[in-house]
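Okay, so here's just one chain, in structure tokens, the form predicted on its own.
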């Protein structure tokens, strides 16, 4: 059984429609795929229809932009009630920050002598990846990665900060909405010091359910094994996934990392318990083939 619990569609910064994403997941030999677009659920309905049509198990999720001690942290939320008032309000606030960020980045790039217009940034919720794509189309850079490295990362001329939710508060909010949470690639890109084992333990006590261990951003096997040991010591679910973005992110092919079936079963059991505890919540069920 092959399980990929972290993918993106055109509903955020992927390059495939939800239908194309789900169809590609089936073609890649996956048995289970999660759609986890950034800060929203806009791709859920289309993905559900596609999953039923092609015959693949689908988990509805969100990758939420949060901050912890002034550092950005991505939090995967699985199966929360999308109508939960508090969660909906926080996601709306994050998206508003993302939407206002793109014009500010365009202005910052203009001051650096690089002219990009908002008309060139076509996306439901434009963000840094979409600005990066505009720079690629203009020939300023060759790839998204190059755009981030040269212009859009912190300290670069096009970088603009934006609102992100508090990590601990968001874990509790998702739990109240009947969902479960997993830290996305917490030790990737040199960020290991932001979330040491002691902090992961504190987040577990706040309701965190798991840690994404097997991920391309955890480039060293030693780092993955140490993080796996931390998760096991804290009795957290261990996940693995591609963080697939279609053509928008190289070297993140569907299924390049996967979650063990036993760990997936644990996560779904925790989700069922969370939904039961959040009595009255309309939590979405896993979409199963047949």
Ligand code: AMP
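Since this is a predicted model, take the numbers as computed values, not measurements. Numbering follows the first chain given and starts at 1.
Only in words, not in the display: the form predicted in complex with this ligand, which the text now covers.
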Counting only non-hydrogen atoms, the one stretch of 85 to 93, 123 to 131, 204 to 212, 166 to 174 within 4.5 angstroms of this ligand in the predicted complex is 123 to 131
Wondering, does residue 189 line up within 4.5 Å of this ligand in the predicted complex on heavy atoms? yes
So, in the predicted complex, is residue 249 in contact with this ligand at a 4.5 angstroms heavy atom limit? yes
Can any non-hydrogen atom of residue 156 be found within 4.5 angstroms of this ligand in the predicted complex? no
Would residue 145 count as a contact of this ligand in the predicted complex, using a 4.5 angstroms cut-off between non-hydrogen atoms? yes
If we test each of 244, 60, 38, 257 for a heavy atom within 4.5 Å of this ligand in the predicted complex, the one that passes is 38
Using the arrangement in the predicted complex, list in sequence order the residues of 101 to 119 with any heavy atom within 4.5 angstroms of this ligand. 101
